[in-house]
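To begin, one chain is listed below as structure tokens, in the form predicted on its own.
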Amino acid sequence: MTEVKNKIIELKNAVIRFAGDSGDGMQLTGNLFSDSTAFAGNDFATFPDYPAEIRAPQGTVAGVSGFQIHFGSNDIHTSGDLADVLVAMNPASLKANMNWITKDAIIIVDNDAFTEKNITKAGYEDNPLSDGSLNGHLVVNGPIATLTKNAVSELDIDNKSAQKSKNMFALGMIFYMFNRDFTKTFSFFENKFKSKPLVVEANKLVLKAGYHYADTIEAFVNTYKIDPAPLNKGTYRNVTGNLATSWGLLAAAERSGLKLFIGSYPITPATEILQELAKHKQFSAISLQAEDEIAGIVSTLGASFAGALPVTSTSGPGLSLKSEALGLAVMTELPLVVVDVQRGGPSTGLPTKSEQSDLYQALFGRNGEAPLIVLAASSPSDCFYSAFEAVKLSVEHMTPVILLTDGSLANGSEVFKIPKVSDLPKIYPPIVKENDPDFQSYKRDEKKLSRPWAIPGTKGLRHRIGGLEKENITGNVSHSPENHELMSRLREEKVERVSNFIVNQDIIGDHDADTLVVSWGGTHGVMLTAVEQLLDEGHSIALAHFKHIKPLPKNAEELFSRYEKILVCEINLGQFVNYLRMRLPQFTYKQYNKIQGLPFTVAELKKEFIALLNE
């Protein structure tokens, strides 16, 4: 950041990281700043970073909660590698984030929290505010807790309640730094706490106090301005991946003419999908919070049998429990959408961290030959379109679909242009009309190999259904070896034929390059940014980012044949690259993997790509 005394400095983009104890309200602070960023017209992406333990000891590094936002006047695809501004509400949050800020980052701290006890708890031997370890940074060292208490002194509120608003003091300081209007934030307080007027007034007073404090101290020689991004005309809002997924499912219900049913069991980080859909009874959405994961999916499969749009949501451990019922869905050839919001594993693993952990499970995690469609969303806003497509493919091809998102997409947010539902493709459920003289429960569509959807109670459509092998065409129970092989091959071919109904894989970058980098799912933004920066620097490189996993796009083989070097990048130990080795073994794949519960950074990807380019 170029320093010009007493001036508003124009920036193209900036990264801010809010960090504090898990009770300091950093997620709310980050979300409110994100909302103000949306109103300012900037493009942005966020990364909430939750502590891994539910009740980590207060004041320890394990209990630090963070929220990072990268915003700018250009297209923003990632939440940023390193922060330009760090808000650290206690010593532990400072210690936990020193490796995630730039060498000249501005650091805002609450001096009141830097007591000897808290400094020791955080693992420091000396006070970092005075031992020289922060040299090179502009440190704004304010008594935030004291000033928060002073700001609400005129209100009838105790000190413990008052301190719950100190995050708003920090937010006020950031609003001043980036010349933000806090009118919309006041509206949020009024709506969120409308039954608690004292809380509304306290938050308003503290936010204004933080803003004016930043204005009056001499620490900020500059403030900063980021112009609006060049967005196309339309209605925009800030969405998380879970919210966008929920809306995509609702839109699909509208375009299919079906009632949506979701049967789910709460699990981090997928719970918000169930919670959001439960709010929308006006759209004929029916939600069931089941007693466990198995009940969630079997209730959903029952809803599918009854003619509803069936959805269940979960994360990796829950998907394990759903595997037997998924096999039943494959055997009965009923539509079913499973949204798997991936997190670190195995077992309970890293519940609050993100990982591309479940691809093997989605592809192979069932007994017998049990093929189904697998999709992967690429960004928070793409969760909307991926959820919509998952429904369309599942309903029209009469087969289960697993949609893979992940924790960083689910909880991360970005600017989303809200589409008109009427502009989305129509979805055509293959529901059989009553007394159809040609009805046979497993008589297949010639192009898709999908069977008809016979709703129970429809006249003339009585048929048998269940988990035993079916006879081709009639659907009667069959133990014939030849029939079992025929039906197994038909179910596999049905999924493979979906490639005729999805888009071809595209390439971003230099089509004449000899180096192709490959990715899938939630790594899209950081991969795209790294490739774009290398292209701007004069390198020849291309990116293929996959949404459709099973089946692969029809042109995948031809596409790979153009490149001498193929590097597959994943947040796991190599699940997609090994799948590619199975499906397209004629190519040689290199791999780059990270499995730390953290996303890729642009810097580490560029380093790896340049090394490959120079081979």
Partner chain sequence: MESIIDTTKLELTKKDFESDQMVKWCPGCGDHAILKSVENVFPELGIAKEDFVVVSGIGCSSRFPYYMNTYGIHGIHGRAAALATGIKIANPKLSVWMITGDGDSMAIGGNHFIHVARRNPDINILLFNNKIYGLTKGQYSPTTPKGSKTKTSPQGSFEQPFNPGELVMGARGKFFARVVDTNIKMMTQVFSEAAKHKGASIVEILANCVIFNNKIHGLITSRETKVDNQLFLEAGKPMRFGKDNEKGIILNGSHLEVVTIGENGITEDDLLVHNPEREDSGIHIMLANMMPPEFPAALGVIRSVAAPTVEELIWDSVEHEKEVSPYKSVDDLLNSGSTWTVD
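Because the structure is a prediction, the values reported are computed rather than measured. Residue numbers count along the first chain shown, from 1.
Although not depicted, the form predicted in complex with its partner chain is the subject of the following passage.
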{"query": "Contact residue in the model of the complex, chosen from Pro456, Gly136, Gly368, Gly257 - any heavy atom within 4.5 Å of its partner chain", "finding": "Pro456"}
{"query": "Position in contact with its partner chain when the complex is considered in the model of the complex, options Asn118, Thr223, Gln505, Asn476, heavy atoms within 4.5 Å", "finding": "Asn476"}
{"query": "Phe283: touches its partner chain in the model of the complex, heavy atom cutoff 4.5 angstroms", "finding": "yes"}
{"query": "Gly302, heavy atom within 4.5 angstroms of its partner chain in the model of the complex", "finding": "yes"}
{"query": "Non-hydrogen atom contact Lys470 with its partner chain in the model of the complex at 4.5 angstroms", "finding": "yes"}
{"query": "is_contact(Phe384, its partner chain) in the model of the complex, heavy atom dist at most 4.5 Å", "finding": "yes"}
{"query": "Proximity to its partner chain in the model of the complex (heavy atom, within 4.5 Å), stretch among 156 to 164, 229 to 237, 85 to 93, 209 to 217", "finding": "229 to 237"}
{"query": "Contact set, 289 to 309 vs its partner chain in the model of the complex - heavy atom within 4.5 angstroms", "finding": "Gln289, Ala290, Glu291, Asp292, Ile294, Ala295, Val298, Ser299, Leu301, Gly302, Ala303, Phe305, Ala306, Ala308"}
